[in-house]
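This document opens with one chain alone, in structure tokens, the form predicted alone.
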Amino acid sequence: MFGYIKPRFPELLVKENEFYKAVYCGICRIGGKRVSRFTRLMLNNDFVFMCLVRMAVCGDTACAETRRCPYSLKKKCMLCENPSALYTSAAFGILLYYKALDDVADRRGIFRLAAKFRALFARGMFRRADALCPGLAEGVKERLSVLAGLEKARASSPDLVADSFASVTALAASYGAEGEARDILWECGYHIGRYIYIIDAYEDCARDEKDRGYNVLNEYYGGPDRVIADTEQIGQTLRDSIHAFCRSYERAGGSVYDKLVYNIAELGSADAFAAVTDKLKGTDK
């Protein structure tokens, strides 16, 4: 998937750092148990953030327990299963399956063969995830179809294409919630999805140009050199999305998870953009 949305760890208190790790390990365990062991290998920080926001907005109580990690064989503190953690694990399984299908369509040669292999493993995972969240997969598929059409047509409007992707993350973030919580989660998921799509296009602009792949920023600016030259404007666009996320999240009225959520949204997103910019400018030299 992506993995851009993670904390600025040095700014966290020890207890916040430990809680974040517990949520990560908890989703890993829950996904492996309830969806597929395959999800353990692919879990990223974006979905940990999604779980935290959903717990905050829906008011889920978090408890943790010490369990042995099957990979490190060490005992770790892990989030116990709650509605948000289980939902996040299932939503991740569904999106991971569609990402595998997208890779099959986009890749060539040995990379396409590897994508087919992943899609084969992801099929069983998808069935179990779909059973946990009936109806979500249909909505995701419909929205991804619209996005695929825009990308196939090589649409040159970043706002249009990012909006299409953001509708997928908005649905994934809010599905199954009710009332005001659903509205808040929809907005939060939308603005984070817009951030993710644009920063991913920004990071991949040089590679996509080399591979002759579609990239909305290359289409809009005319090539990666011009994309990199307008780093300041792209950065402002990303900050606008994060500010919009924060305004939406504030509507939830406050939670014990707020400091961690704002750290990830405000500081972590800035760090991700800085890291991608350094990478691109280093490649550009």
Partner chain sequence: MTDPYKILGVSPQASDEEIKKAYRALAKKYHPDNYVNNPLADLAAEKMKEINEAYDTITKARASGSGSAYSGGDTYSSGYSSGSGASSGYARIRDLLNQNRVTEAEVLLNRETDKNSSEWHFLTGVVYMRKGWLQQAREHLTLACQIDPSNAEYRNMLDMFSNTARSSPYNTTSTDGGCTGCDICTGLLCADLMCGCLR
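Please read all numbers here as calculations on a predicted model, not as lab measurements. Numbering follows the first chain given and starts at 1.
Another form exists, predicted in complex with its partner chain; not displayed. Remarks below refer to it.
Note on the partner interface in the model of the complex: the residue among 259, 33, 67, 226 having a heavy atom within 4.5 angstroms of its partner chain is 259. Only one of 132 to 140, 70 to 78, 189 to 197, 87 to 95 places residue heavy atoms within 4.5 angstroms of its partner chain in the model of the complex, namely 189 to 197. Taking non-hydrogen atoms only, residue 236 approaches its partner chain to within 4.5 angstroms in the model of the complex. Within 4.5 Å of any heavy atom of its partner chain in the model of the complex lies no heavy atom of residue 45. A residue is said to contact a partner when one of its heavy atoms sits within 4.5 Å of a partner heavy atom; residue 263 meets this definition for its partner chain in the model of the complex. Mapping the unseen interface onto this chain, residue 240 counts among the residues with a heavy atom inside 4.5 Å of its partner chain in the model of the complex. Taking its partner chain as positioned in the model of the complex, the residues of 136 to 170 that bring a heavy atom within 4.5 Å of it are, in sequence order, 157, 158, 159, 160, 163.
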